[in-house]
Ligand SMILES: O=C(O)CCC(=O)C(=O)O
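Only one chain is included here, represented as structure tokens and corresponding to the form predicted alone.
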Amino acid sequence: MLTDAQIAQFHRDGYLVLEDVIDAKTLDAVKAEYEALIDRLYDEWAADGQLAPATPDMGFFDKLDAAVKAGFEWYQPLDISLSHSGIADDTPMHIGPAVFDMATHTNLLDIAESLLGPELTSNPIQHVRIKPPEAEVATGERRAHIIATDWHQDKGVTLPSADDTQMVTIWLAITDATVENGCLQVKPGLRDDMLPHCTRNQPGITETYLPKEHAVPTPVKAGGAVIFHPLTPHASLSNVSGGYRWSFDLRYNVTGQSTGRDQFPSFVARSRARPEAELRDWRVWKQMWDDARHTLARSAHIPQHRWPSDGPNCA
């Protein structure tokens, strides 16, 4: 659980940087799960003649780097959520036991409980962020999960149904996040309103509404986390290093309140009142996503946020 001092700091500044949130065993399990996933993807690309067969010395980032440089769609198969649009029955995503164990880790739920109370839902607005060096990113790539993330508030990427929802974001570092490789930056000070956003490349707050001065970088080591209030403006720096930066966005909200993306599946991660309601089987979570994908592939498009690209906020 957070200390009283940490809770007070969160409510004053709108964020916290915490080291050693996740243990090495959990990190290693997530890495191993993703290594198996990239091995399968790489072997499929190689079997199709799109890449040379892997050599024994190639690791996770070697294979990922080959896919990035070849211009393949490598991101969506690694993500833990469905795409913004064009969802089909074969839209890839990743749900596995290590990711589930990470999202339901006692330390993460303790942090969320300290800020939201004992009835917690795992919010489906969640993503893996594996950011290549920006010099290697394909021209025209706009996704915030791959390039530098524009200034935004996390409440700003929900639908209006979540305007009164109590939620918190836990941005979990899988590799060290540094200023050079594009760690997050924040505008401290808890706000009580949502700033206007505009969707140009990605939903973001323009300089008109949020001058960029006085931003504070938040480097954190692997296994550490940055905790955000949903109205705290934050962005990421550009990855100007020669390596990859890897993190996950995980969100939690008070059970019974809208997730802000209710077309996607959520689940009870902790309940002190009804512990039997907690989801404990990752395979059920995966099936929930499979069922949602099947339904959405046959439904009219549902936006994932509320901001147009040609609205007055874009001026």
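Predicted model only: the values in this text are computed from it and were never measured. In this text, residue numbers run from 1 along the sequence as written.
Form predicted in complex with the named molecule: not shown, discussed below.
Enquirer: Work out which of the listed stretches, 107-115, 159-167, 239-247, 79-87, brings a heavy atom within 4.5 angstroms of the named molecule in the predicted complex.
Expert: Correct option: 239-247.
Enquirer: Taking the shortest heavy atom distance, is M102 within 4.5 Å of the named molecule in the predicted complex?
Expert: No, no contact at 4.5 Å.
Enquirer: For R261, is any heavy atom within 4.5 Å of the named molecule in the predicted complex, or not?
Expert: No, R261 stays farther than 4.5 Å from the named molecule in the predicted complex.
Enquirer: Heavy atom to heavy atom, is H197 within 4.5 Å of the named molecule in the predicted complex?
Expert: Looking in the predicted complex, residue contacts with the named molecule do not include H197, since no heavy atom lies within 4.5 Å.
Enquirer: Within 4.5 Å, heavy atoms only: does R251 come near the named molecule in the predicted complex?
Expert: Close contact exists here: in the predicted complex, R251 approaches the named molecule to within 4.5 Å, heavy atoms only.
Enquirer: Could you tell me which one of A215, M93, A98, A144 places a heavy atom within 4.5 Å of the named molecule in the predicted complex?
Expert: That would be A144.
Enquirer: Does anything in 162-190 come within 4.5 Å of the named molecule in the predicted complex by heavy atoms, and if so which residues, in order?
Expert: Residues within 4.5 Å: T169, W171, L184.
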